[in-house]
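As a starting point, one isolated chain is supplied in structure tokens, in the form predicted alone.
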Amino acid sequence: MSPAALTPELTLTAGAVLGILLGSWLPRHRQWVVRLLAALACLVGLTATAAAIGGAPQLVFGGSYAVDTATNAGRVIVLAATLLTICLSIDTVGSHPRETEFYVLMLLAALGTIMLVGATDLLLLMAAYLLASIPLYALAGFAKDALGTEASLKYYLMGALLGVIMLTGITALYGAGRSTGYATLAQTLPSGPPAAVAVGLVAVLAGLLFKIGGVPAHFWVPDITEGASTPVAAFVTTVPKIGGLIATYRLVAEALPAAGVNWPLLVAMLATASMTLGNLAAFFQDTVRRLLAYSTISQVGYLLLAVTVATRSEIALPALLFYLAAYAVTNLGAFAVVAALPHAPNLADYRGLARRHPGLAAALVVCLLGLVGTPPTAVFLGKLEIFSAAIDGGYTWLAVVAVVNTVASLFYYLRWIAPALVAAPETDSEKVLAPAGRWPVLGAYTAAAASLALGVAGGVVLPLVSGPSLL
């Protein structure tokens, strides 16, 4: 195995280790050096991944970790999303006594998420789950206030419970298939006890659903989104989904393609529940953070469409990878606007935003209409690809359910857009809509522009995520 194959992972590891060592020696007013180190680690990882795109797929670590198109796409999305979150957090975490710990925890969580993407062995999947979870428990309560502490505790308890359930599922699959490697499980599970395979699959999916915030393991999402700081909420509701969804796709496509369990129908039901419950709950939210929380739950449902037809449609994997990139920039853009306007927690507080800050209003409109799936944003193209994959895989009814949910979701996004564009500003709106700093504003502009650029240049990007893969 060439160490160069794992340059992005090694770069994040080195960034985290050097960051904690530097933070131990640097004075408090110079902790920003660790922030630069974290950004540099992401940039080096992106450069190394760009150089590796198009290379032949390979298995490393004794066949337990895949380096292919899916892994490279996951690396790019995770590293770019982490870089954007670092931009959002500068004004919030800058000069904080524990600024070093914040960025080190973020790098470790990004590393765990990338490991989830490439894992082709159940034991490595469990290790990646823990690495992608434990740093986020600490980040959720980083502010040490009442809401953050409560959110962190709930997040930890749910993560611990579902982690134990996932470990139980891994044990069941090992007992049924006599191996933890996906390649061997694909050969042995079809002849294993169906009940053990079914129990193992459901239990492992429970842990992965926790990572992606899908129904029924979604209860932590609103509490974290409302209780944690805005940059942490943006990171937690975006980055783990990338690893969790690709890991779920890899599990069902590599380990369970011929197992005697109707897992496509199970995933389809989970997708329907996530789309519908997320949208229904978002209808009645008056706070922007809780609206975005339920929006992320509904987006999980759309993304699970690609997992449902993982073995039935050749365009399922490219559709999933493109949608994940589109969702990441668009969701982070919406959170960037929220971070830029910390004194406007409710929808009504956005009255007159277009008049006072037309650039932020434009970014908000692009991101919210992007989450709906309006052209020419990236999510529109992502949804189009995923709906096509669902129909191609024989799940037309699921595509119809997704289209109905998409139309319904327009209602609650317009509840946020309308006050920003139409209503007259109130007398105290200048104070309520005062931007907190330039970095979140820059992040909002960057994300909105990326969402539009990705939508317009989709014809160039889609072939890049359709390259050689082990899936």
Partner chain sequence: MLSLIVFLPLAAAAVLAAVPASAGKRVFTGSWVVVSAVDLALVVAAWIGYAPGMGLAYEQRLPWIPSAGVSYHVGVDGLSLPLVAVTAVLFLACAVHSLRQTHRVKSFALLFLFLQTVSLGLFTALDLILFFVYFDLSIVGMYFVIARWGHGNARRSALTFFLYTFLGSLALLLGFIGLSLAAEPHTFDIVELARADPLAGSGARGALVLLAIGVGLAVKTPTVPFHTWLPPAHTDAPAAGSAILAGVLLKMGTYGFVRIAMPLLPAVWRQYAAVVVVLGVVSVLYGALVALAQEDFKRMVAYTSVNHMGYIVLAVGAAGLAAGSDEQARSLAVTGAVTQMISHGLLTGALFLLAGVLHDRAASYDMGSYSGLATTAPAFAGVTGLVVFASLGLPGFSGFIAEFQIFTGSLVSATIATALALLGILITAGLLLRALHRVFLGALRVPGSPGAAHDFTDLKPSETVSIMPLLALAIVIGVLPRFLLDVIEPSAATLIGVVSS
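Note that the structure is predicted; figures quoted are calculated from it, not measured. Numbering follows the first chain given and starts at 1.
Only in words, not in the display: the form predicted together with its partner chain, which the text now covers.
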{"query": "Of A80, L167, V365, I134, the one that lies within 4.5 Å of its partner chain in the model of the complex (heavy atoms)", "finding": "V365"}
{"query": "The single option of G359, P216, G260, P375 touching its partner chain in the model of the complex, heavy atom within 4.5 Å", "finding": "P375"}
{"query": "Close approach of F102 to its partner chain in the model of the complex, 4.5 Å, heavy atom", "finding": "no"}
{"query": "Contact flag, V456 vs its partner chain in the model of the complex, heavy atom cut 4.5 Å", "finding": "yes"}
{"query": "Interface membership of R355, its partner chain in the model of the complex, 4.5 Å heavy atom rule", "finding": "yes"}
{"query": "Non-hydrogen atom contact L161 with its partner chain in the model of the complex at 4.5 angstroms", "finding": "no"}
{"query": "Triplet L381, D392 and A399 all within 4.5 Å of its partner chain in the model of the complex via a heavy atom", "finding": "yes"}
{"query": "Its partner chain in the model of the complex: contacting segment from 190-198, 230-238, 260-268, 366-374, heavy atom within 4.5 Å", "finding": "366-374"}
